[in-house]
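Okay, so here's just one chain, in structure tokens, the form predicted alone.
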């Protein structure tokens, strides 16, 4: 039995995420949707694919305990427990940067420090600040020397509890936008271009962001695939979403999504079949 893990708010998955489940059923694969924090739904699974566990970042200690529990139960988890633990905190970007992966210029802020002084010392032009454990642009702010007081007020409590990261603002996120390249077992499947609403920088639909299927160059695909090869584990991820912008023909990594990324299966022709074939082959 293969379980597709979600959270209680999405008991039937959502959008294009349903396509994988439908494809597995079409192939005669025993599959069901499970809720990650309800053991009664997943105990009988031989494999679990994490799909819509979108509350994990706000419940990370519980989520990581669940990962441990699944591993102890001998259930194969996709992606692997090692990859999930590594990818759950954005400090992984620092490790990838040491492997020559291009990321926006980043300064790391440890929790409990003086956020006001930190921003005063490091605030040059427009930048983005966010927690190292977060998802969906939650607690993510655009900050400039003129807005430091406002941002400190918004993040003061968060900064006591979480590490933060201050990144160079990449105007390419507004135009042409951020690319999401989807891979299955490190093989390219399809790509989507995400753009924010006018005047915003967040590409998520909840903030008015838009998505569209896009054709990418072989060079861009090769750069994204090379980034995947820098993941410090032998086992390749079953699925991966490589998010980034392009500057001077060079791909700059914004996020490497390996836990529960929306995979835009509805945008890629036969993408659900490609995903399922990597699982069942």
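Residue numbers count along the first chain shown, from 1. Since the model is a prediction, treat every value here as computed from it, not as a measurement.
This protein has a second form, the form predicted in complex with a small molecule, left out of what is shown; the following refers to that one.
Between the options 101, 107, 193, 173, the residue in contact with the small molecule in the predicted complex by a heavy atom within 4.5 angstroms is 173.
Checking 84, 77, 203, 159 against the small molecule in the predicted complex, a heavy atom within 4.5 Å turns up for just one residue: 203. Here the chain stands by itself, but in the predicted complex one stretch of 124-132, 185-193, 148-156, 108-116, 124-132, has heavy atoms within 4.5 Å of the small molecule. The closest heavy atom approach of residue 48 to the small molecule in the predicted complex falls outside 4.5 Å. Using a 4.5 Å cutoff between non-hydrogen atoms, residue 70 does not count as a contact of the small molecule in the predicted complex. The small molecule is not drawn, but in the predicted complex it has no heavy atom within 4.5 Å of residue 179. Not displayed here, the small molecule is kept clear of residue 211 by more than 4.5 Å at the level of heavy atoms in the predicted complex. If you check the small molecule in the predicted complex, you find a heavy atom from every one of 138, 168 and 254 within 4.5 Å.
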